[in-house]
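Consider the single chain below, provided in structure tokens and representing the form predicted on its own.
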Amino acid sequence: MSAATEGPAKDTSAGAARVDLRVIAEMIEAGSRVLDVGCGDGDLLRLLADTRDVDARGMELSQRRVNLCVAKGLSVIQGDADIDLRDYPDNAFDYVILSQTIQATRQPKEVLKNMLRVGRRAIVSFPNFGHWGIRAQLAFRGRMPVTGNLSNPWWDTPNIHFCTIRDFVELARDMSIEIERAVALDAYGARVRVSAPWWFWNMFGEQGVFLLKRK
């Protein structure tokens, strides 16, 4: 969830966790040091604590959500991914996570650079603007799409840098970032089983989850 988006609190149990959060948890080694940037209400932090036994910290833009996380016993501070990641030392964490938030950052490329400086690996999940359903809404309705992952109308959204799965893959290549693992999820939360070519994921994946590493 975007760090700037407000919404109702969610059940943080492992069984109720958002699908992409469960995929992210599977990518993380037990006992790791983890920073969740734009951690929202702390759903992922709680899932990781319950299932992966990690040392998990969070950064969240919304003070209300920081307060909710702290009330749950989670270690979360208020911060802006575009600004405050710069203050973290190199290799401070094993994983730095940006879940459904990169499209709400002002400088996505710089945020990625800092994530892979602060952490040995980075995990990024985001809604895929190349999905066929979004293309259909644009083509046949001529309006900015509204979907389960992009639920705000254009005039009331924190999202300022939409991208497709293909865009993200190209950015990783341009930045010499290694894609260690990737998963595409369809509109029902199931994994898109066809792993290549990228255009297939770009058409049928409603969201992407990428595990990244410095080359």
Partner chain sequence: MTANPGGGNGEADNPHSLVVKFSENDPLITDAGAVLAPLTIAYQTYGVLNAAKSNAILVCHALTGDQHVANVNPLTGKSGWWETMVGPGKPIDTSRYFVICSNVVGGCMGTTGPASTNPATHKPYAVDLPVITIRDMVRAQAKLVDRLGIDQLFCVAGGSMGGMQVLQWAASYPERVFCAMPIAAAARHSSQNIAFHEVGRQAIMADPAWRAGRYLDAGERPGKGLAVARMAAHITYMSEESLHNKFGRRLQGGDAPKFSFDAEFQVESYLHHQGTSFVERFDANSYLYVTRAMDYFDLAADYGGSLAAAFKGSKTRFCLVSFTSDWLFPTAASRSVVHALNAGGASVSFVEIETDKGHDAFLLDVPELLKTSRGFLDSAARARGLRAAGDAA
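Positions refer to the first chain, counted from 1. This structure is a prediction, so every number in the text was calculated from the model and none was measured.
FYI, the form predicted in complex with its partner chain isn't displayed, but the following is about it.
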Within 4.5 Å of its partner chain in the model of the complex by heavy atoms, the stretch out of 60-68, 166-174, 179-187, 145-153 is 60-68
Contact with its partner chain in the model of the complex, heavy atom within 4.5 Å, among I134, L112, L74, A104 goes to L74
- Applying a 4.5 Å heavy atom distance criterion, does D84 contact its partner chain in the model of the complex? yes
Review point. Heavy atoms within 4.5 Å of its partner chain in the model of the complex: does Y88 have any?
Key: yes
*Does at least one non-hydrogen atom of R33 fall within 4.5 angstroms of its partner chain in the model of the complex?*
yes
